[in-house]
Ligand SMILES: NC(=O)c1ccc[n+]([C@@H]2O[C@H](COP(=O)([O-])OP(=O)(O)OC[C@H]3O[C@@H](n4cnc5c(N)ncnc54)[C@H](O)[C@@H]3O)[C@@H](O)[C@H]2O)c1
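So this first bit is one chain, no partners, the form predicted on its own, shown in structure tokens.
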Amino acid sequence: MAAIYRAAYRRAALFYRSHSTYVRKMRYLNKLKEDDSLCRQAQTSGTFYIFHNLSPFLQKVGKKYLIPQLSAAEMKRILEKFKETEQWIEKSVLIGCSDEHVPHFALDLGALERSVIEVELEGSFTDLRKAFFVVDEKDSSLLASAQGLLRWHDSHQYCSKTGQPTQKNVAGSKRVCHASGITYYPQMSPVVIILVSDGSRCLLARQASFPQGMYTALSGFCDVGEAVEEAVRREVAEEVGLEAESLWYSASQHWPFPSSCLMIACHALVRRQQLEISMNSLELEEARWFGLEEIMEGLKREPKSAKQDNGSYLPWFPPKQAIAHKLIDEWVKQQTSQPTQVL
């Protein structure tokens, strides 16, 4: 009887997986990536997020910034206004779809006059670094993905072996050099971001290029052939002269700065016998230990409220959209014995 129940459970689970909204959506997206004709057809009924030289288009509604989705008909109207053909739409890249299978595309209109588009659509093209922190977390992730894909296509128009032009497929999921037969796929650079702790304090640092008063976790690109654990230990040693005794993984995030990166977030505990910071001044402007109370105050503080009357700045930390904020928040919950939030 138990075997019958197990078999029935497996069949039910298989049925659910094959018919779930998520599975159907992922399989539909995969078809769009592989079938140029199907994707070209989808462009006639999809929605479009527009960019201008990699800056996303936003509209301010009240106190909120929204990312408008233009219909295919609206996109056609805009192109006609600039006397451009509908073929321009084939420059777009597929970035997702709704649960109802409405495909979403991103299109860069950098060759068209920026101010005319802004007036026509009653919004503005905003630098991604600014846009990233004024839109909702879900939207900031979408903007990062869209810009990353558009940037990749812009910088991979020629084959690195033959020097011949590469051809984008309709979805923008790859580029092909027909002269060499090489297929190129978008890539991300792995980056470790580490919140270092000695058990009762955490270590945060800042670079000279950061906004005044902002501190964040250590980070650095993984070297070729390097495991994540090795990269964490090396970065901690290089940047602050400490040795990580143990470490554990937290989460990951696509990060668009300076280009498409995969941020791999970890916590690291350093040896109590060696807590004196030896900062690499070529990498950092400042690095220091923060106690729990100072961290909790900094999490409440916004950049505008950080400046004091004497011109100095109180410490403040990256906003919630950044994975560094999640690391800091997790550390606070560990210190206060609160359960950490599970993604």
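Start at 1 and count along the sequence shown; that's the residue number. Note that the structure is predicted; figures quoted are calculated from it, not measured.
FYI, the form predicted in complex with this ligand isn't displayed, but the following is about it.
Proximity to this ligand in the predicted bound form, taken as a non-hydrogen atom within 4.5 angstroms, holds for one residue of 141, 169, 216, 252, which is 216. A single residue from the set 257, 82, 158, 248 has any heavy atom within 4.5 angstroms of this ligand in the predicted bound form; that residue is 257.
Residues 240, 266 and 329 are none of them found to lie within 4.5 Å of this ligand in the predicted bound form, as judged by heavy atom distances. The stretch among 189 to 197, 114 to 122, 99 to 107, 145 to 153 whose residues place heavy atoms within 4.5 Å of this ligand in the predicted bound form is 189 to 197. Although the partner is absent here, residue 185 sits far enough away that none of its heavy atoms falls within 4.5 Å of this ligand in the predicted bound form. In the predicted bound form, this ligand lies within 4.5 Å of some heavy atom of residue 261. Under a 4.5 angstroms non-hydrogen atom cutoff, this ligand in the predicted bound form lacks residue 164 among its neighbouring residues. Under a 4.5 angstroms non-hydrogen atom cutoff, this ligand in the predicted bound form lacks residue 180 among its neighbouring residues. For the stretch 273 to 300, the set of residues having any non-hydrogen atom within 4.5 angstroms of this ligand in the predicted bound form comprises only 283.
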